[in-house]
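Let's start with one chain on its own, the form predicted alone, as structure tokens.
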Amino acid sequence: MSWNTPAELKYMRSDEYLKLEGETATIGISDYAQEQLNDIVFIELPDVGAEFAKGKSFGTVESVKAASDLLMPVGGKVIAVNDKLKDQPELINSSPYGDGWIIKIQVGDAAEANDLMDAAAYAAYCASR
């Protein structure tokens, strides 16, 4: 099985991705994660302005199969949430890297991204599960 793992992203073992763009970043869940969860029916989003440390839960995604905490790939302050997901959580299934992004943050320390997996390592990790 092959999942879409864009090369410009960094990935966590818990299946969140990080798209770093200067001092801001977009966070969502990977194509592999949305496929494992199956039909996503609800997402709990944080408030804009909330701050979270790396590895801390910033929300929850619920599917017909399970509920999973969403974890921060790097620490930072929430500067935007994808409000479309409140009414259309299935966007995560159909477009995890596009319309299904979850939050955007002001990155605290970009060096925290250095220990995340690159696309090749993440694809190998997913294949081994």
Partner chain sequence: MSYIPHTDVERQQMLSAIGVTTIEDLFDAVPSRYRFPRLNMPPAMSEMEAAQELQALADANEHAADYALFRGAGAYHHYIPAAVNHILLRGEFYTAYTPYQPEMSQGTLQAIFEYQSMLCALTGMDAANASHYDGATSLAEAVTVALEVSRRKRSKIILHPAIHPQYREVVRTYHQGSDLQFVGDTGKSPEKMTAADLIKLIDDQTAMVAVQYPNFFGSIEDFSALVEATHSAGALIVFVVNPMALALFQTPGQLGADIVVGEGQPLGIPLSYGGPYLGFFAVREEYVRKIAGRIVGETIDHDGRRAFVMTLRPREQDIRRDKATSNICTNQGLMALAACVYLSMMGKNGLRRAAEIAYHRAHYAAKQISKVKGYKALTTKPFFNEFVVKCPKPVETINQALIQRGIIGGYDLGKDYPRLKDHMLVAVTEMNSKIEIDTFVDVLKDIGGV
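Predicted, not measured: the structure shown is a model, and the values here were computed from it. Positions refer to the first chain, counted from 1.
The same protein also exists as the form predicted together with the partner chain; that form is not shown, yet it is the one meant from here on.
Residue contact with the partner chain in the predicted bound form: residue 47 places a heavy atom within 4.5 Å of it. In the predicted bound form, residue 84 stays away from the partner chain, with no heavy atom inside 4.5 Å.
By the criterion of a heavy atom within 4.5 Å, residue 69 is counted among the residues contacting the partner chain in the predicted bound form. Although the partner is absent here, residue 65 lies within 4.5 Å of the partner chain in the predicted bound form, judged by heavy atoms. Contact annotation: the partner chain lies within 4.5 Å of heavy atoms from the stretch 56-64 in the predicted bound form, the single such stretch among 99-107, 75-83, 23-31, 56-64.
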